[in-house]
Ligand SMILES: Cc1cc2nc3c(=O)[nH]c(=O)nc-3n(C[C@H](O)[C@H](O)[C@H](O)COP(=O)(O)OP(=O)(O)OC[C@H]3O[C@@H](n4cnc5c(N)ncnc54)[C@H](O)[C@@H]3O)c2cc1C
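Below you'll find only one chain, the form predicted on its own, shown as structure tokens.
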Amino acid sequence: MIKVTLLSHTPEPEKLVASAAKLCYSNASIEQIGANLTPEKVDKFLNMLVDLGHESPIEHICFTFGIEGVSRTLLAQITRHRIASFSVKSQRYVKEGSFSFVVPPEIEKNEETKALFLKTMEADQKAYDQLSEILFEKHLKELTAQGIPEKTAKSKAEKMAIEDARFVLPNACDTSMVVTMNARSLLNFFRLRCCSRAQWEIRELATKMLALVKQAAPTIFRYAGPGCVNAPCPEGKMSCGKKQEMMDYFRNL
């Protein structure tokens, strides 16, 4: 099950965006601009920016998420969003003993497919364990023969073993990561990944992330969501045809 936590974000994010945007149109000092911004003025100015679609000032604020219980399949998708920072649990340094995995809903709800899937995961775990053990013994023997102390040799041998054994691990194998994006990158992420045509796992993740940032910066993310929330559906003939339903859901998220 996907778990998402908003670990941190830029303090007073909406006030900072308003200050940055106002600087473009003011002779006042940055300090003066910030001092004159009441919550009411921030809200009014940001609503104007959002309505105009003026997004560059929101690049100044960032949000950092802790993400757990997602598959390596999702990892391959989310790292395509290049204006972001990622720290991911390494299969090269962390041994996957009794690895956890993500079961797709369509496989989960069918007894035959679920049984086959679980059998495959069990086989993958067994192969991983066997490869790790064989490679460990091989590397340990070679390292000790080189005169490397036993404790150091064991540590190096295990790392070398799991580095290659991980190649049998499935895309279903789960992982954890810390992800940081600025608000403008997040808006783009939500436009693409909250869409009903996005793959189910990353769509679920994006929706959970959106719910969290809406609490931290409600005005900035007022119209956030799939592309159809505040514009014609960008999918054209591939549209799901549920624009109103999507608008209602994401505006009330």
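Numbering starts at 1 and runs along the sequence shown. Quantities reported herein were computed from a predicted structural model and do not represent experimental measurements.
Omitted here: the form predicted together with the named molecule. The next part is about that form.
Chemist: Even though the partner isn't displayed, in the model of the complex is H139 close enough to the named molecule, meaning a heavy atom within 4.5 Å?
Modeler: Judged by the heavy-atom cut-off of 4.5 Å, H139 is well away from the named molecule in the model of the complex.
Chemist: Though only this chain appears here, would A198 touch the named molecule in the model of the complex if you measure heavy atom gaps against 4.5 Å?
Modeler: Close contact exists here: in the model of the complex, A198 approaches the named molecule to within 4.5 Å, heavy atoms only.
Chemist: In the model of the complex, does S185 come within 4.5 Å of the named molecule, counting heavy atoms only?
Modeler: S185: contacts the named molecule in the model of the complex.
Chemist: Is there a heavy atom of R82 lying 4.5 Å or less from a heavy atom of the named molecule in the model of the complex?
Modeler: Yes, R82 lies within 4.5 Å of the named molecule in the model of the complex.
Chemist: What stretch, of 188 to 196, 59 to 67, 30 to 38, 218 to 226, brings heavy atoms to within 4.5 Å of the named molecule in the model of the complex?
Modeler: It is the stretch 188 to 196.
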